[in-house]
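Consider the single chain below, provided in C-alpha cells and representing the form predicted alone.
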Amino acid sequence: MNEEPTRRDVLGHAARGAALLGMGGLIGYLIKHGSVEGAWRINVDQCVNSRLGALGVDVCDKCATTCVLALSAVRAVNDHAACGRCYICPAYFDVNSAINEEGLPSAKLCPRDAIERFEIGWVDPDDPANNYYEYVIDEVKCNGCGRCVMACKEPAGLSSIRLEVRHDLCLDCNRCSIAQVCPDDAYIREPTT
C-alpha cells in the first residue's frame, strides 16, 4: 500500500532538513573560527627588520618566503607622517649602486620595484635636491621581504617603514608558518574584540 505523505509529514521533513543544514553550517563555522585566538600581527619591537639598534645584521626574509600564500600577507607600510621625504631615500635607492648622470644611485633597492617615488609640493627645477618626495608602497607588488624596512632604519633613514600583516589577505592560520620560523618570535596573536 502506497500512502501519500501528508502536509504535516512534508513540513516535518523540511523542518528537520533545515535544522540539520543550519547545525552543519554552525559546526563548520565553529571549526573554522572556534580555535582562533585572534589576528596575527608583527611586534615591531621584536622584529629584527623593524627594531632600532639592530644594524649590521642580515635582512630577515621569513615573512616573504614562508607564508602559505603564494604572495605573503605581509606588506611594508610607510608612515608618511614620520617619513623625511628625502631626495635620496635609502629604502628606495640602492645607495651602494653606481651614481647615474643625475647624481642619484642607479639601482633601486626593492627587488620587486614595489616603491614608487613622487615629487610633492613646489618643485625646484634648478636643484632637484631641494625637492621633497613621497614614497608609496604598491601593495600588489610588495611581498614583505623587509629590505626597505632595514634600509629605512636610523641613522640612514627615519624608521618610517615597517612590516604589517594585511588582515584582508591573511588566512588567520591557527599555526602560522611565518610565526613558526620567525627567529625573534615577533609574530604574535592579538585578541580580536
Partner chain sequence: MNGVRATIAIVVVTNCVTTLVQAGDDAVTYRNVRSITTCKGPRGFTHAMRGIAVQNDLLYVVGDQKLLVLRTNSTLARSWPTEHPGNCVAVHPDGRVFVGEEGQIEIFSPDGKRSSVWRDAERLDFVTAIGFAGDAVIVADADGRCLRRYTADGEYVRDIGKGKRLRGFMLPNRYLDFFMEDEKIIRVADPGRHRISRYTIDGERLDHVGHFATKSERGFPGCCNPTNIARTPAGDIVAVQKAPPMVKVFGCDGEFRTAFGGKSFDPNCKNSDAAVDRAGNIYVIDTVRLEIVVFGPEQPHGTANDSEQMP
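Please read all numbers here as calculations on a predicted model, not as lab measurements. Positions refer to the first chain, counted from 1.
The same protein has a further form, the form predicted together with the partner chain, not shown here; the description that follows concerns it.
S.K.: Find out whether any non-hydrogen atom of residue 111 is located within 4.5 angstroms of the partner chain in the model of the complex, and reply yes or no.
M.R.: The answer is no: residue 111 has no heavy atom within 4.5 Å of the partner chain.
S.K.: With the partner left out here, check for me: in the model of the complex, does some heavy atom of residue 107 sit within 4.5 Å of the partner chain?
M.R.: Result no; residue 107 lies far from the partner chain in the model of the complex.
S.K.: Would residue 71 sit within 4.5 Å of the partner chain in the model of the complex, counting heavy atoms only?
M.R.: Although the partner chain is absent here, residue 71 would stay clear of it in the model of the complex, with no heavy atoms inside 4.5 Å.
S.K.: May I ask you to check whether residue 124 falls inside a 4.5 Å heavy atom distance of the partner chain in the model of the complex?
M.R.: Yes, contact at 4.5 Å.
S.K.: Identify whether the partner chain in the model of the complex is within 4.5 Å of every residue in the set 99, 130 and 156, based on non-hydrogen atoms.
M.R.: Every listed residue reaches the partner chain in the model of the complex, so yes.
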